[in-house]
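Presented as structure tokens, the chain that follows is alone, the form predicted on its own.
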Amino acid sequence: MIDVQHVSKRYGGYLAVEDVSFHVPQGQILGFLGPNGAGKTTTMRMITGYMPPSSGTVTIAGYDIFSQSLQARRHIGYLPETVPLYTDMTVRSYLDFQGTIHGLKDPHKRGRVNTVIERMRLDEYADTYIGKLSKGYRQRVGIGQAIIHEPDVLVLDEPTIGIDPIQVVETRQLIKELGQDHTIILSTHILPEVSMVCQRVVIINEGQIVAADTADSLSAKLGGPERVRLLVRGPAREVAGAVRDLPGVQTVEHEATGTEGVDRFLVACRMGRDLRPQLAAVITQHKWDLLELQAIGMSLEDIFLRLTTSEELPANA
């Protein structure tokens, strides 16, 4: 549905994006990540047709975003980080206006406006001026204008930035629901958001793609110490010492003490070593109670930091 091939962007002598390629199939929610200045916003603007690339191609639903711009844009809904809302219009009149811009005709347009208001859970505020809405409800209106014309592709730039925690949860759920009908690129700095919402991740750093895969696959590829979380009822210092003495254990971190003498530990083992049988054995040998033993992969935050702070890691695009 979205195909980016060998795209580069130069600003004079500065190469902001270099040879970026990735594909987003129909129905997938893709998390697009990168530190500030990595080329993320520039890439998003090229995908939406806001600016042309210096080289390479972008196709949306089979249409080239530049040589077939009008056809391609009919398939795109875009929520920029700063939503261009007209605060002196009501929610209903604004969505009606956006429907007109996208070429919708009555009665289909009226039906779409009502459908979007219902889907964005804006029924109570349909005839409220946008300037009187909270930031969270303005974001809903922004998403509403992005889907008013039923596009195949949604490009959402920081959709939950600056809204309260309850609205964040509701917006994330809304994005997951939209993923049933749309192919979505979600750009965000909130890494847990990607883990909760996205099926696949693309990470860009210094203008180049350094990873493109699921978070679980990236964790397996990057390796690093295997980690196991233990929940044990027993003397914490003795438990930590016995676990630390096992061959292959690198570190033992005492994370927390719970009720009734239960302690939680995070054990880092050498790469490729599954020490869960040995951990279970040493705890039972000492007649301590093993309440939990769970292998833990690298978090998305770990992956992001490794890929954007080390120059030695190979690209996985």
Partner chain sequence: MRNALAIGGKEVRTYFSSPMAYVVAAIFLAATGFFFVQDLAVLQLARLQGFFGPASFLLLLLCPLLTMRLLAEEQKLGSLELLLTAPVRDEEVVIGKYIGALAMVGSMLALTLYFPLVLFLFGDPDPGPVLTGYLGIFLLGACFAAVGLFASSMTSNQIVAAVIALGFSLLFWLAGTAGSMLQEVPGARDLLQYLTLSTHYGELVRGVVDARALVYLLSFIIAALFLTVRSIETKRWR
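Residue numbers count along the first chain shown, from 1. It should be emphasised that the depicted structure is a prediction, and the values quoted were computed from it without experimental measurement.
The protein also exists as the form predicted in complex with its partner chain; that form is not presented, and the subsequent description refers to it.
Look at 100 to 108, 227 to 235, 242 to 250, 198 to 206: in the predicted complex, residues with non-hydrogen atoms within 4.5 angstroms of its partner chain sit in 100 to 108. When contacts are judged by a 4.5 Å heavy atom cut-off, R45 counts as touching its partner chain in the predicted complex.
Using a 4.5 Å cutoff between non-hydrogen atoms, G49 counts as a contact of its partner chain in the predicted complex.
Although the partner is absent here, P80 is a contact residue: one of its heavy atoms lies within 4.5 angstroms of its partner chain in the predicted complex. At a distance threshold of 4.5 angstroms between non-hydrogen atoms, F66 is in contact with its partner chain in the predicted complex. Only one of S187, T183, Q145, T160 comes within 4.5 Å of its partner chain in the predicted complex through a heavy atom, and that residue is Q145. Taking a 4.5 Å heavy atom cutoff to its partner chain in the predicted complex, the contact residue among D88, D216, D127, E118 is D88.
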